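Next up: just one chain, as structure tokens, the form predicted on its own.
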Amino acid sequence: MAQLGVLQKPAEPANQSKYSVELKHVKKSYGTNGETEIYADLTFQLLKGTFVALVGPIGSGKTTMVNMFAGLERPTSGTIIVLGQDLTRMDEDSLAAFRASAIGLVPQVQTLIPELTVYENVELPLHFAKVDERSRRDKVDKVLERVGIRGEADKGVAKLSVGEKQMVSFARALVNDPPILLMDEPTEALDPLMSEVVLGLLRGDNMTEGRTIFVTTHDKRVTDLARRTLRVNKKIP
């Protein structure tokens, strides 16, 4: 079972009164009879607009937490409220629509569609959000330019390097200007140059300004940028 602790960081601004994410007594178990318990009683909040890093050993439940925030996994019990919406009460169609409009996700394992171009992959969330064609084109062009891969728009993602694919995922996560950005180990598989590109975007580029950013990481450079750092500790049997 994972235990969550908070490393010492400056206090959150006193004038912040609204939460983007609230977990209330969340339990998460796997297995037919729930024999593998990841979280037993997890309660905490993320302030709107804050940058939070989650650190911890492999297998401690970091990706599970990201997936629960995104509504990709449901807790065994408890409540998860994101931007005022109780994800635990939504059906799958409602969750998909909510993700398309409110959450940008950069997963650890790439979920790009290899048969599509860079442009088409980045455009996908806008289709799900039912954005009109002209607006889709404008949004995709702008985010590709800002992430630095506008020249790769017509290239099939199957031909891209690991680092280039990560930048496509980053662009796709940001294309609909979501208030929440979730990133699962965004620099883990990148070479030093690509890592610096991602870190540069997180350091204060206006693409991330004002968003709630939640990042799982082993990278000290990322935790140094975060406003708050949470640690998941794996309980030894």
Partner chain sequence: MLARGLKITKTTHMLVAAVATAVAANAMVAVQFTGLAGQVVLLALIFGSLAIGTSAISADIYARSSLTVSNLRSIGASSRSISSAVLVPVLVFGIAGSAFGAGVGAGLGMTLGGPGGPVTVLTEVLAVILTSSAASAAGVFAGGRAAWRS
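Values in this document were obtained by computation on a predicted structure and should not be read as measured data. Numbering follows the first chain given and starts at 1.
The form predicted together with its partner chain exists for this protein as well; it is not shown, and the discussion that follows is about that form.
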Item checked: Per-stretch contact check against its partner chain in the predicted bound form, the hit in 78-86, 160-168, 138-146, 103-111 (non-hydrogen atom, 4.5 angstroms) -> 103-111
Check: Is the gap between L124 and its partner chain in the predicted bound form 4.5 Å or less for some heavy atom pair?
Finding: yes
Margin query: Taking its partner chain as it sits in the predicted bound form, is E73 in contact with it (heavy atom to heavy atom, 4.5 Å or less)?
Written below: no
Margin query: When the contact criterion is heavy atoms within 4.5 Å, does D132 count as touching its partner chain in the predicted bound form?
Written below: no
Check: Does its partner chain get within 4.5 angstroms of any non-hydrogen atom of R172 in the predicted bound form?
Finding: yes
